[in-house]
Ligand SMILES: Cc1ncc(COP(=O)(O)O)c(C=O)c1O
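Shown next as structure tokens: one chain only, the form predicted on its own.
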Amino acid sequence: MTTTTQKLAVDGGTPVIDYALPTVNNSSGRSLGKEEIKELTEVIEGGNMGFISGSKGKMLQEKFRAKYGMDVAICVSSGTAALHTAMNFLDLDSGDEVLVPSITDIGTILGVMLQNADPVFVDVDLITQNMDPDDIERHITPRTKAIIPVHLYGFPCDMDRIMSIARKHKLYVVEDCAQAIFTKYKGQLVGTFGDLTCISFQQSKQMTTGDGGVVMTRKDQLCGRKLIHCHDKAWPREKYRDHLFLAPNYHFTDLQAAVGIAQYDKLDAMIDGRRKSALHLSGLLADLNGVYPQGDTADGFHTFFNYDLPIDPDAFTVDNRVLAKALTAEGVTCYPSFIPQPIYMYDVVAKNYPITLDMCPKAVKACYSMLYIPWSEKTTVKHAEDIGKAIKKVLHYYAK
């Protein structure tokens, strides 16, 4: 039974939004301008655009190192490169196990796989979709070496419990902050709890250099390797031309760093923009049945990489794929979930590791329990109000 007579746009009705919303894919949703051009001009006029002897990369690294209180920070070519560099730094051996959440981008586990170690999949919290601390210890074996908590969508994992488990079992913690730059847990930046942290600067992230990222560690040579060598062909440039171990080339150019410096200086303001509109939308949806609007909690400061809206599938007559299609027709780009299935169900993973479809049941359910809406710092309160109208129109129509 429906609760509205409004004809949905997907069925030929009039869309709620008849204009293009801001998108991170171009300048309508990204804060790029004279500041980035100034920094880029300095690099071009200086004639040195590379990692090895450029200056901008070192400046950006120092900004992150100081902000996060780390021993060392290294900018790399992507967030995935940051995570692979972190796994190389831990000197994983074949057969070592690393605990990872069952809902994440494949970049989280590629570094584990490329080091010939084994990702072990942990179930998630049904609402936040972050790693569920209650499911961690049953996966720990004598081969377990590290845990990678992923702070999905800009909301923090339960780091107190994760760190307690890690300390108990003497495991390294690598925080995947690809979607959670400047997110906080109990007032402290995520990425400052574990042994390493990895951040992405990809086009859609809270700050962008197009592609790129940074990997940081509290203690260099934690496992006998320098972090800088783990992204630079294990080449001890400070001494001689040699290669100490197998490592990739994940250099970050000074052109990227120039954009990154300007973006970093705007980052607080850009996050404020994302938060203002997203929290406004959550307030508009607070009384809507069958949804769980996200925002800050007593422990968590949300930075809204995108707007994630958990739903109760049993509250609606159709699944989240139909809901997402209907919302897109109303002018709100929407996906039924962040990933269509738990990451271990992808063929590239499943064919290499012992996988059962029911190994993380909450993750399976979570993929049918979300609506996922792109967001940016230029999404305004007015945009949020129109998006809210579209969401209410669609969800009221399909409500049980």
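Numbers for residues come from their place in the sequence shown, where the first is 1. Quick caveat, the model's predicted, so the values are computed rather than measured.
Beyond the structure shown, there is the form predicted in complex with this ligand, which is absent from this document and is the topic of what follows.
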L83, heavy atom within 4.5 angstroms of this ligand in the model of the complex: yes
Partner proximity in the model of the complex: P119 to this ligand, non-hydrogen atom cutoff 4.5 Å: no
Non-hydrogen atom contact G154 with this ligand in the model of the complex at 4.5 angstroms: no
Partner contact for D105 in the model of the complex: this ligand, 4.5 angstroms, heavy atom: yes
In the model of the complex, the one of T128, N320, S277, S78 near this ligand [non-hydrogen atom within 4.5 angstroms]: S78
Contact residue in the model of the complex, from G260, G111, G191, G212 (heavy atom within 4.5 Å of this ligand): G212
Partner-facing stretch of 243-251, 138-146, 178-186, 158-166, counted where any non-hydrogen atom is within 4.5 angstroms of this ligand in the model of the complex: 178-186
Residues of stretch 239-258 in contact with this ligand in the model of the complex (4.5 Å, non-hydrogen atom): none
